[in-house]
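One chain comes next, on its own, written out as structure tokens in the form predicted on its own.
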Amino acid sequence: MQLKIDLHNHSCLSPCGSDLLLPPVLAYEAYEKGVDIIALTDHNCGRNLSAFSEACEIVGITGVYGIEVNTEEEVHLLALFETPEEGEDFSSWIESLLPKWHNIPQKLGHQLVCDVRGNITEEIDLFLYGAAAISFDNLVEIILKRGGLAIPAHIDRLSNSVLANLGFLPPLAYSAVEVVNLPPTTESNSYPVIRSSDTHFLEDVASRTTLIEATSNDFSGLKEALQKGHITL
């Protein structure tokens, strides 16, 4: 079956994300725009994954649960998991590796946790955009050992990408690499290539998606399709 996927999206928890982009809003908008598999990947934190999971079940869309990690080299890497519990456990570990900087909402943006009804339950004080104390190479290995998907984010951007910050794409067992531009403006070294919205605002939802040919509409189907390269940009 052909599925539309979008594996890079933020919510009101990311300091750079809109306060209006609540997890249930993301799930509903993705469903309305014909997305079959949608991931929530806030910066270095997965505290909105539970609400997102409930919302995905309500609207009838397949959720994927992860975060966008900022490594010690300031490289952004998507870490994606099958269940919200796996994503939350990984996220808690990444949070422990962040510098202990306080967020300044008025300057840097709010970091809001909410429930499935959209009620704000918490505002995170720890600044979530810092660099975690772990290297890019080690992080890829750990994500894969946990059964997740490891996808270098927006590799063709001029900042916070593996090519911009490291100067090359290390030969590791990535699940895929993410690009922004079509045709890709950089070499993918034969890795599977995807595009995602990198949603920060409501109008971004499903602005960039990827089609895959999968045997099932779930995490295992997604994983298999990426492994086999059954992808259409």
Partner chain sequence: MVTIEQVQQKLNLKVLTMGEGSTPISSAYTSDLLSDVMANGEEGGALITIQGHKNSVAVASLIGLNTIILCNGRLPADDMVEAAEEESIAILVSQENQFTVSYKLAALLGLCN
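Positions refer to the first chain, counted from 1. Predicted, not measured: the structure shown is a model, and the values here were computed from it.
Just so it is clear, the following notes concern the form predicted together with the partner chain, a form of the same protein that is not shown.
E74 is the sole member of D156, E82, D115, E74 with a non-hydrogen atom within 4.5 Å of the partner chain in the predicted complex. Shown without its partner, this chain lists A131, I124, L163, L144 as candidates; in the predicted complex, only A131 has a non-hydrogen atom within 4.5 angstroms of the partner chain. In short, of 86-94, 100-108, 115-123, 144-152 it is 100-108 that has heavy atoms within 4.5 Å of the partner chain in the predicted complex. Shown alone here, N70 lies within 4.5 Å of the partner chain in the predicted complex, counting heavy atoms only.
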